[in-house]
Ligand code: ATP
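Take a look at this single chain, the form predicted alone, given in structure tokens.
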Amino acid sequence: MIEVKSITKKFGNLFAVKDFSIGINHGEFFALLGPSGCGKTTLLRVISGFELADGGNIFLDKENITNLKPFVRPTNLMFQSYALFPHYNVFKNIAYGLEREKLEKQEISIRVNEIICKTNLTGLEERYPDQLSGGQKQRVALARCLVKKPKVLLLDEPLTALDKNLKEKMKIELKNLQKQFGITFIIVTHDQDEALALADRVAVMNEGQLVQVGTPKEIYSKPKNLFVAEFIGKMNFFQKLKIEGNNFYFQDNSFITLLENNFENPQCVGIRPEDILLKANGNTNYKFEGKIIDIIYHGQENEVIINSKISEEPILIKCHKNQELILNTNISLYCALSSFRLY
């Protein structure tokens, strides 16, 4: 549905977005993910028309929209601040865009009331923004965008201002609304958990460029390079003592025989905390010893910090809350060779 082809945007001599290309499918929930300053919001603003690209083209349903004004494009941008009009009540805020299009009052009323019902805002029509909770404000901002029936809804860090519990609730609501309306959603976020939970596919950005694109599972389980591995989730990195063929030697001179080595000069090997086990199973073919130096409680799971001779840095593992652990005791740990990845 959307083709972003070789988009470049500069501010002075600085490249905010550089030669960026991506294709986004109809009805897809797509996430642009990256650290602050990586160019993701600039790219969103270029797609929406609030910034003009210095190079490249944007196609929507095969129509070149690169130079169209924002109000002409079949897109709608939901700002991070929500940008609600403080002197308008909920109904008037939602109706604003339709009134600007000079639609008949009856049609405006029908469409606004329909969207109010679908976004669970019934009973709040006469309230003003300062009388709403954070979640209610967000739903009003979404309703104002959705009532115009855009082909694409662009969301700039929509959950940033919400507390943890409300954020979790709004993730579910966003997913449900996207499925309900069948509109293509493009969300910008720096929160990895948010992107993985919401999106059908994720594009990881760094320094204005596309680093990797894939499903949440692909991005998490098979990060393309060291940047993605460090940025997405938590990872233990072990610096090499040496590599001989497929043998990777740890700091204590023990080694693992990796299943593949496609790197000319790998710097380290990484493994996710949840792939280091307290008990052996049929797939665990590497064992090392460690000492528990800290236990961090997270409700259903614990994060356990281990000191081991195989690494100069402490090792993080995750385990279920019911597993018995004692501080300052020695412990055996097990891994599958397939869980290690070179970087």
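Quick note: we count residues from 1 along the sequence shown, nothing fancier. Keep in mind the model is a prediction, meaning the values are calculated, not measured.
What comes next is about the form predicted in complex with adenosine-5'-triphosphate, which does not appear here.
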- Region of this chain that lies against adenosine-5'-triphosphate in the predicted bound form, out of 39-47, 300-308, 59-67, 278-286 [heavy atom, 4.5 Å]: 39-47
- Message: Residue-level contact is defined here as any heavy atom of the residue lying within 4.5 Å of adenosine-5'-triphosphate in the predicted bound form; does residue 327 satisfy this criterion?
- Response: no
- Is the gap between residue 16 and adenosine-5'-triphosphate in the predicted bound form 4.5 Å or less for some heavy atom pair? yes
- Can residue 157 be called a contact residue for adenosine-5'-triphosphate in the predicted bound form at 4.5 Å between heavy atoms? yes
